[in-house]
Structure formats: structure tokens, C-alpha cells
Ligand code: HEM
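Listed next as C-alpha cells is one chain, alone, in the form predicted on its own.
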């Protein structure tokens, strides 16, 4: 096994910050929804608004980073090896079969991950954020003494925001489970903390050649 530097410092900061903010938003958001009582409605609403703006700021900065560094290419969907990847997760990894795709600093995501994260970034997150902003800027009774449902469909906005929140939680649970499918149950988590991932030396040799070929093409 050889340790290879896969995840850059900003990637790790962005990953853990985004995950923490999403979990905190879920905690405060479901309290605002009335699911339980921890902070109290007013505090939960205040914390939720603050965390939401922090998440939006982080996302804007992350988009800038991905565009300027070219890392956005990591998320371009592909069907190459997709069937093999699905079969690996369904049965191959339980039989000890080798991973069908190689991980390098230029190809960090397998085909299934690319499609999943692409949907997460361009569909799920925008739906949740846009509906959240509309909900947050909605004319409340305290401010205007009037809510015109016909002009501002609050119930519809709330529905989409809640749906986005639930789907984000499902994504998070599945994501945490998938982190346990690495070389060891904690290897992927350690890699996202240190930046280094353990890769078989033979695999690393092929991956290096592949990366060099991709650089030559570019």
C-alpha cells in the first residue's frame, strides 16, 4: 500500500464545513417545523437563518474554487464503467472483488459518484436553497399583518424546502454508509481528514501513467 495525496486542503475544509452546516440546518430546521424542542423556536429560527447564509457563502466560494482550479471536471457525469461500478456495490465488494475504477487526484470519483454528486449539486442543493431563500424572505404577519396566499404560495415553498431537506438527509445517510466501503471502514474518512489515501502500489503506478496521459492530452 502507498499513501497518495488525493484531497487538497480546501476540498477537505469545504467537505467538512458543508456537512456540518447541513446537519446543523437540519437540526434547527426540523425544530422550527415543530418536530422537537432544543433551542426554542426563536433561537432555532435565528440559528437556521445564520447557518443558511454561511452555507450559501461557502457554496459561492466553492464554485469559484472549482471553476478556477478546473476541479469542476471531477463531477462531469459519465456512463463509462457505470454498470461495473453498480455491480461492485451490489455484490462485488461483498465478495472481495477489486474495485472496477481507479482513484487518482485527477479522477477522484467513480461513475456512480459523479452522477450522484452532479444531481446533488445542480438539482438537490439549488431546490433547497432557493426555496429556503423564498421562505426566509416571505412577507410574514409580524412584518406586514397580512399574508396573501394567492400571490405568495407559502405552503408550496415550504413543501419544496422540506422535501429538499429530507432528501439531503437521505443523501447524507447514504453518503456516510458509502464511506465505509473503502479499503477499511474508516479509510475514506481518514483520507478526507488527512488528504492522503492508501492505494495499492500497482494500482498507483497505472493511475500515475493515466494521469500523465491526461495531462499530455490537455
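Just so it is clear, the structure is predicted and the values come from calculations on it, not from any experiment. Residue numbers count along the first chain shown, from 1.
As for the form predicted in complex with protoporphyrin IX containing FE, it is not shown, yet the points below apply to it.
Residue contact check for residue 48: one or more of its heavy atoms lie within 4.5 Å of protoporphyrin IX containing FE in the predicted bound form. At least one heavy atom of residue 22 is located within 4.5 Å of protoporphyrin IX containing FE in the predicted bound form. Among residues of the shown chain, residue 128 is one whose heavy atoms approach protoporphyrin IX containing FE to within 4.5 Å in the predicted bound form. Although the partner is absent from this view, residue 93 stays clear of protoporphyrin IX containing FE in the predicted bound form, with no non-hydrogen atom inside 4.5 angstroms. Residue heavy atoms within 4.5 Å of protoporphyrin IX containing FE in the predicted bound form occur in exactly one stretch of 173-181, 186-194, 66-74, 157-165, and that stretch is 157-165. For the marked spot (4, 7 and 109), a heavy atom within 4.5 Å of protoporphyrin IX containing FE in the predicted bound form is absent from each of the three residues.
Contact annotation for 19-33: residues with any non-hydrogen atom within 4.5 angstroms of protoporphyrin IX containing FE in the predicted bound form are 22, 25, 26, 29, 30, 32, 33, listed in sequence order.
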